[in-house]
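Shown below, as structure tokens, is a lone chain in the form predicted on its own; questions about how it binds or moves come after it.
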């Protein structure tokens, strides 16, 4: 590959980190908006069961995207880089990333599924008319679309073009495996062979391979699109309408950003909903900082690395899910009549945890206490959905079971 260098590879991997992270948030947002509350009784039994399955599939795909982010961190540290989790806030237009598609938060539906399908596109492009109509993208831009798979193809070419003995200078003790992070497919990267194996795993989970394009993200999104079409047609035959998603706004953002949000973001105006959205962002930030700490710290005392990793992953699976669902049940504000909100996944001026394990533990414990106290306060509000208290209770359980009592600080 021409112009292959460590600097170019670190840049490509950092872009991959942003994309994997952004895709996970986009998939989660769609899952949060699905009507899964027993109070949402405008669905048939079959429709409700389908939505439960769809939500599970979206959460599974999002969890694999977070594994891909973690795998990209292993690839970065192997060549002397550092774990990178920042990304621009939503939305981003189709020109920001070379994939040629917007990266945004929107409710589950036909347009979201089509966009998801194109993110994970294998080697062919179809239905370009849909993208032209829905996203106002010219055909030339679609023809040049740089899919996630193509990005990793370029990353692989860089890994194979740079001499192995020059490239892999990272501290091997920083490599994180399944014994620490509970991502069963994650690969410790120490040489060219393991780097290629890690990239193969990411690409096969996303776009499949020549023998299987069904049991991958691309195949699952194609299947969801077909199943959505079938249920819509069935609803029409009985003179009804199938609406699987709550009426959440697109690309919400909290007032915390002080009018510095991206163009096209929609500010949450309801004061209580905005407070819940800020709480979500803060819990989400804590999860990211803890997971990054696992990949930048190396072995820690008292099984600390594994417990930090488990706490971070459990926050994502057990706490963020009910908090995100709660936001899609709350009003967005007077400018959005009949619309609900959703999580912004906002990132603002965050710093990494300190390298010292005791200091990091103190900071994490303090943050848990602050967030749980704020969450319990918000849960007593008359508008609070029951699922909000469930999320806070799970956050408290994670803190109680998985965190540590730090050593006293002596001055």
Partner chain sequence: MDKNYDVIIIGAGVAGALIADKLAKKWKVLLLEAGEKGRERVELVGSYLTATAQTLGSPYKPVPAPAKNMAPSPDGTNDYYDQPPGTENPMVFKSTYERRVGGSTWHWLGNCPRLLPSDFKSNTLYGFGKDWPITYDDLEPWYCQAEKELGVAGDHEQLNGLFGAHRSQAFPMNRIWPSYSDLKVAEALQGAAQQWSDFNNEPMVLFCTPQARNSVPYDGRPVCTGNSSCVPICPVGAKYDGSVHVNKAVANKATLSEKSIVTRITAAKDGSITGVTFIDWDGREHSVSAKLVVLAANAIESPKLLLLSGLANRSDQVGRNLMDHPQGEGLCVSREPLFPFRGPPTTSGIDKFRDGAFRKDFCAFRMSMGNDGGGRTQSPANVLNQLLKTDFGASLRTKLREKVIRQFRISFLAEMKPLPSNRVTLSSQVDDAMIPRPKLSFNVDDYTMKGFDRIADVMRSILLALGSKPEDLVLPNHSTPFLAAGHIMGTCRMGTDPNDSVVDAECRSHDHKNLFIAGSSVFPTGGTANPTLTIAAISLRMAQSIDNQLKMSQT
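Residue numbers count along the first chain shown, from 1. Since this is a predicted model, take the numbers as computed values, not measurements.
Note that the form predicted together with the partner chain isn't included here; everything after this is about it.
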**Request:** Considering the partner chain in the model of the complex, find the one stretch among 39-47, 346-354, 26-34, 367-375 with heavy atoms no farther than 4.5 Å from it.
**Result:** 39-47
**Item:** Contact test in the model of the complex: residue 53 vs the partner chain, heavy atoms, 4.5 Å
**Value:** yes
**Message:** Can you tell me if residue 220 lies within 4.5 angstroms of the partner chain in the model of the complex, counting non-hydrogen atoms only?
**Reply:** yes
**Item:** Exercise: residue 57 in contact with the partner chain in the model of the complex, heavy atom 4.5 Å
**Value:** yes
**Asked** Any of the heavy atoms of residue 267 lying within 4.5 Å of the partner chain in the model of the complex?
**Response** no
**Complete:** None of 200, 185, 171, 191 but one has a heavy atom within 4.5 Å of the partner chain in the model of the complex; the exception is 185
**in the model of the complex, the one of 234, 214, 161, 86 near the partner chain [non-hydrogen atom within 4.5 angstroms]** = 214
